[in-house]
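The chain below stands alone and is given in structure tokens; this is the form predicted on its own.
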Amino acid sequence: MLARVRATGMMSSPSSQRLQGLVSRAYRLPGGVLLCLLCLAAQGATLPTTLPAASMPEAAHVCAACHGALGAGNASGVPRIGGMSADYLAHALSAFKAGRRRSKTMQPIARTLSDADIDTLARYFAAQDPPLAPSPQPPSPDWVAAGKALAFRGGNKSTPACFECHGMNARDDDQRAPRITGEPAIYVVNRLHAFQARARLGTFKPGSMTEVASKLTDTEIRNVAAYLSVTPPD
């Protein structure tokens, strides 16, 4: 591709030259990063505008290609991982690698990681404190207020408050109930819908997220996602 560009004289404008530089750098990235970029492109997600910094641990480049250099995630549905408990991040990656947790994007990447890689990148992203992922349009204040009430007090059908299990502190060590404040709204919506789909397949463990999500209405999901997306971790 690049040889053809040079031969034809294309990419002569400043913007084209920047694109050529981006492509050239992409060819030098680890295979896992390229795989992640291709997965995002196939899903129609927003690709990162900058590539991971050279000073970042090599194992973390794979994550940064999708989640950002600080792990902020993005409004297209990539989750925030920066500042998450290192124990939770390592637990989640190990689950993806072993197939206990399924994701078309995450499983192929996790399978390329060694245990040492998982430990390194979990510690790196746990140490980050990214800003909230920017949203193309701020959510309605009414949605945010209703979502805050659900997060602190619970909802209809005896739905427990989100913060009964999910602490607001970014570095809580509970591997089962990660911090959820600061997560992009679309990610929260998609995750809760996935739990609801699981609930429709059969019985579920009482008190699990699958049971909690099965009781939520679409309006409640929208509201709590709006609140969490604008609320940074303590």
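Here the structure is a predicted model, which is why all the values come from computation and not from measurement. Residue numbers here begin at 1 and follow the sequence given.
Heads up, the form predicted in complex with a small molecule isn't pictured, but that's what we're talking about next.
Asks: Just one of 126, 133, 78, 146 has a heavy atom within 4.5 angstroms of the small molecule in the predicted bound form, so which one?
Replies: Contact check passes for 78.
Asks: For a quick test of understanding: in the predicted bound form, does each of 101, 105 and 212 have a heavy atom within 4.5 Å of the small molecule?
Replies: Verified in the predicted bound form; spot residues all in contact, yes.
Asks: Contact with the small molecule in the predicted bound form for residue 177, defined as at least one heavy atom pair within 4.5 Å: yes or no?
Replies: Heavy-atom contact with the small molecule at 4.5 Å: present for residue 177.
Asks: Given that the small molecule is not shown alongside this chain, does residue 139 nevertheless sit within 4.5 Å of it in the predicted bound form, heavy atom to heavy atom?
Replies: Because no heavy atom of residue 139 falls inside 4.5 Å of the small molecule in the predicted bound form, the answer is no.
Asks: Using a 4.5 angstroms cut-off on non-hydrogen atoms, would residue 195 count as touching the small molecule in the predicted bound form?
Replies: Because a heavy atom of residue 195 falls inside 4.5 Å of the small molecule in the predicted bound form, the answer is yes.
Asks: Within 4.5 Å, heavy atoms only: does residue 199 come near the small molecule in the predicted bound form?
Replies: Contact with the small molecule, no.
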